[in-house]
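In the block that follows, a single chain appears as structure tokens, in the form predicted on its own.
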Amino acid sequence: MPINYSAIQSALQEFVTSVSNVQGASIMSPDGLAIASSLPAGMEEERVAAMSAAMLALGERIGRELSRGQIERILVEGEKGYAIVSSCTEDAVLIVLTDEKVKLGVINLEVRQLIDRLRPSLTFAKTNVA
């Protein structure tokens, strides 16, 4: 079953427009390939994906070297808001951009619900090649 790009795009757009203080969201592969996004005007999808992949790689190294296990979420806090990178599947990562007014408990819950909603659209059958 192929990845359902239109369902992913629709879910991201709905998430960004309906969840308070969310400015953008993107689904990407762990190596930085953008799959779908709903980002603010002027923000480049490829650049966000590349930076997110770098954050993910660094987070995984920190988790491994500090014996923290598999990384589920990386949070970057700035004076203008947050960037939250969360694992969706082994082949997809979600990044959510928020403003500084967001309540972290609420956004973490919303992100988990979005991931649960996206997961079926992100899964595809892997075939064994003989």
Partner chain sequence: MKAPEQIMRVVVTGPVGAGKTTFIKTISEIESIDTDRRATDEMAHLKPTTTVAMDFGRVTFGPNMALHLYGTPGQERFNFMWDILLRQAHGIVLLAPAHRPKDFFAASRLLRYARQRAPEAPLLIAATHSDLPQAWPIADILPAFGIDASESQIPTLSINATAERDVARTLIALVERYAERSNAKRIAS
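If you're wondering where the values come from, they're calculated on a predicted model, not measured in any experiment. Residue numbers count along the first chain shown, from 1.
Quick note: we don't show the form predicted together with its partner chain, though the next part is all about it.
Within this chain, A57 lines the site of its partner chain in the predicted complex, having a heavy atom no more than 4.5 Å away.
Using a 4.5 angstroms threshold between heavy atoms, A50 counts as touching its partner chain in the predicted complex.
Interface residue remark: D91 is counted as part of the site for its partner chain in the predicted complex, having a heavy atom within 4.5 Å.
Though the partner is left out of this view, P30 does reach within 4.5 Å of its partner chain in the predicted complex, counting heavy atoms only.
Contact with its partner chain in the predicted complex, judged by any heavy atom within 4.5 Å, is made by just one of K103, R73, K80, R61: R61.
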